[in-house]
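Just one chain follows, in the form predicted alone, and it is written as structure tokens.
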């Protein structure tokens, strides 16, 4: 659709929209970009920074494949704009660990076959890391038996409830829960 009032004959508004400069701190590195202000953090990570570990699943915040950590909290990167996260600490799956030095959660997923096709795995792992931080901070969930207790019992039900925003189409849930439980038990998150 061409709009004659878009600032250029025959060009759409999107083609003439002003770009916004943003400096994102991703995986301990400041990256400077110029993006359309409507660019989601997911698209900035994948298309502009070429960090393809964060996956685009539903693009509506329903599957969790795009989960990253922002200031230690898990966030669906498809639901937030890149320009909103200047000065925030963003950690993607690439920032958790690498082949030479896997994060404890990455290692646990591998050891316990916590994936099948692997598409949801980066989001599952980032979400699990954030979830264990929430448990450590004493944040209750809908499945928490005693919300007044300073220590939360990390039962399988508690893990499933807390990870319910991350969908695995291959149904590797028992192994995902086992991987998370192992890391929590070892205290290596």
Partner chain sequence: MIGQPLDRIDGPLKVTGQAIYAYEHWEPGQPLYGVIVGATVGKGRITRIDTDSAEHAPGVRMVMTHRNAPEQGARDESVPMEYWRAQPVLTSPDIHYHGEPVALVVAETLEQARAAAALVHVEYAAGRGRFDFAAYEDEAYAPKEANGGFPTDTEVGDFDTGFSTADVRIDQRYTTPYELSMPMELHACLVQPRGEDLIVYVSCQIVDAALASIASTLRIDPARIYIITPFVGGGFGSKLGIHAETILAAIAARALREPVKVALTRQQIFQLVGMRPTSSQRVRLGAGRDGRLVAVAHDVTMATNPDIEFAEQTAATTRSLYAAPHRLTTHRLTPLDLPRGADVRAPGEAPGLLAVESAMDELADALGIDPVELRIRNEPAVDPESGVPFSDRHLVECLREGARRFGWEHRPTTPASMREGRWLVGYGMAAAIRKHFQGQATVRVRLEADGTAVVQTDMTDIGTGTYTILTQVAADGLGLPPERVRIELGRSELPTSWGSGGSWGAANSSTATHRACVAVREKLLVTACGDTGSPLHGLDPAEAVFAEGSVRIGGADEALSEILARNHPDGVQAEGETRFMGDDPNYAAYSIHTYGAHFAEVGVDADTAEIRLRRMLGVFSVGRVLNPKTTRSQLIGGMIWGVGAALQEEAVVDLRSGAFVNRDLAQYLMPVHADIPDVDAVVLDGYDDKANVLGMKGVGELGICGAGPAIANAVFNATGVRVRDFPITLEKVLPGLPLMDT
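What you see is a predicted model, and the numbers here were worked out from it, not measured in a lab. Positions refer to the first chain, counted from 1.
The form predicted together with the partner chain is left out here; the points below concern that form.
Trainee: Though only this chain appears here, would residue 58 touch the partner chain in the predicted bound form if you measure heavy atom gaps against 4.5 Å?
Mentor: Answer yes; at least one heavy atom of residue 58 falls within 4.5 Å of the partner chain in the predicted bound form.
Trainee: Residue 169 versus the partner chain, in the predicted bound form: is there a non-hydrogen atom within 4.5 Å?
Mentor: So residue 169 counts as contacting the partner chain.
Trainee: Would you check, heavy atoms only and a 4.5 Å threshold, whether residue 27 touches the partner chain in the predicted bound form?
Mentor: Although the partner chain is absent here, residue 27 would stay clear of it in the predicted bound form, with no heavy atoms inside 4.5 Å.
Trainee: How about residue 136 - does it come within 4.5 Å of the partner chain in the predicted bound form, if we only consider non-hydrogen atoms?
Mentor: Heavy-atom contact with the partner chain at 4.5 Å: absent for residue 136.
Trainee: Looking at the partner chain in the predicted bound form, which residues in 86 to 111 have at least one heavy atom within 4.5 Å of it?
Mentor: 93, 94, 97, 98, 99, 102, 106, 109, 110, 111 sit within 4.5 Å of the partner.
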